[in-house]
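Coming up is one lone chain in structure tokens, specifically the form predicted alone.
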Amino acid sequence: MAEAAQPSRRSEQLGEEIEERIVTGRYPPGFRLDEQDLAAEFGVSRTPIREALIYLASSGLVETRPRRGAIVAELSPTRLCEMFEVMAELEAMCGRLAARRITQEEQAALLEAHRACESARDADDPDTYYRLNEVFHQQIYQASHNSFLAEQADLLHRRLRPYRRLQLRVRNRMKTSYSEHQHIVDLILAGESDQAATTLRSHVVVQGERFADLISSLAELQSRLGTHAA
């Protein structure tokens, strides 16, 4: 299957806004995402809306159905938890292999991505931090030198993108995330493959209190959007 074309910056911004509305329930499962209505709502042409919907469909947030067009996909809390469990295992595998296979050039790239996250953390900017966080994790995927594993990790990462972004709005999560990154970097550069895998697994998996925090954040944003829409 061919990969979806990368969206323009404008369509990417629109995609992020639509993502958040889907995650917070403003656009509930089964909701029809009409290109013309969305273009009018956002004050843009249909082209960037179409690009945004194509990209969201490639990540699984949106489904395209005959005679109905783009529809918001169903995703239960149980399914979300299961997906994070699989994501954690994929990242653990990437971390284990990266600790064994990372090159000097890739070490430098990983450190550069880590330092960029530090600047966003210090600025208390969770959205910028998330975009840089994606680069950080991509560096680990590539350093695994297993292209199939990297592709699968990237696909699921994109599917969970809005939820991983939303987690960073939980109090102190961004600072905690950066501290975990530091430990991950240290372990990978030291070649501690098993410990790198264990730490990455813990960093990504969303269970217990972290899952409760995520669901609480979803409910809070849904309530806020509902108040604004009233």
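Since the model is a prediction, treat every value here as computed from it, not as a measurement. Numbers for residues come from their place in the sequence shown, where the first is 1.
From this point on, the text means the form predicted in complex with a further copy of the same chain, which you will not see here.
Exercise for the section: Check each of Leu156, Ala120, Ile102, Val72 and return the one that places a heavy atom within 4.5 angstroms of a further copy of the same chain in the predicted complex. Expected result: Only one listed residue qualifies here, and that residue is Leu156.
Problem - Listed residue that, although a further copy of the same chain is not shown, lies within 4.5 Å of it in the predicted complex (heavy atoms), from Arg201, Arg173, Arg26, Arg164 - result: Answer to the contact question: Arg201.
Practice task
Indicate whether Leu149 is a 4.5 Å heavy atom neighbour of a further copy of the same chain in the predicted complex.
Solution key: Taking the distances in the predicted complex, the answer for Leu149 is yes, it comes within 4.5 Å of a further copy of the same chain.
Exercise for the section: Determine whether any heavy atom of Ala109 comes within 4.5 Å of a heavy atom of a further copy of the same chain in the predicted complex, and answer yes or no. Expected result: Result no; Ala109 lies far from a further copy of the same chain in the predicted complex.
Handout entry: Contact test in the predicted complex: Arg169 vs a further copy of the same chain, heavy atoms, 4.5 Å
Key = It does not: once a further copy of the same chain is placed as it appears in the predicted complex, Arg169 has no heavy atom within 4.5 Å of it.
Practice task
May I ask you to state whether Val86 is within 4.5 Å of a further copy of the same chain in the predicted complex, using heavy atom distances?
Solution key: Val86 belongs to the contact set for a further copy of the same chain.
Practice task
Note that a further copy of the same chain is not shown here; using its position in the predicted complex, name the residues of 50-71 with a heavy atom within 4.5 Å of it, in sequence order.
Solution key: Counting only heavy atoms within 4.5 Å of a further copy of the same chain in the predicted complex, the contacting residues of 50-71 are Arg50, Glu51, Ile54, Tyr55, Ser58, Thr64, Arg65, Pro66, Arg67.
Exercise for the section: Since the C-alpha distance between Gly15 and Gln152 changes by 3 Å or more in the predicted complex, give its direction relative to the shown form: closer or farther. Expected result: Distance between the C-alphas of Gly15 and Gln152: shorter in the predicted complex, by 3 Å or more.
Practice task
Since the C-alpha distance between Arg131 and Glu35 changes by 3 Å or more in the predicted complex, give its direction relative to the shown form: closer or farther.
Solution key: Residues separate in the predicted complex, at least 3 Å farther apart.
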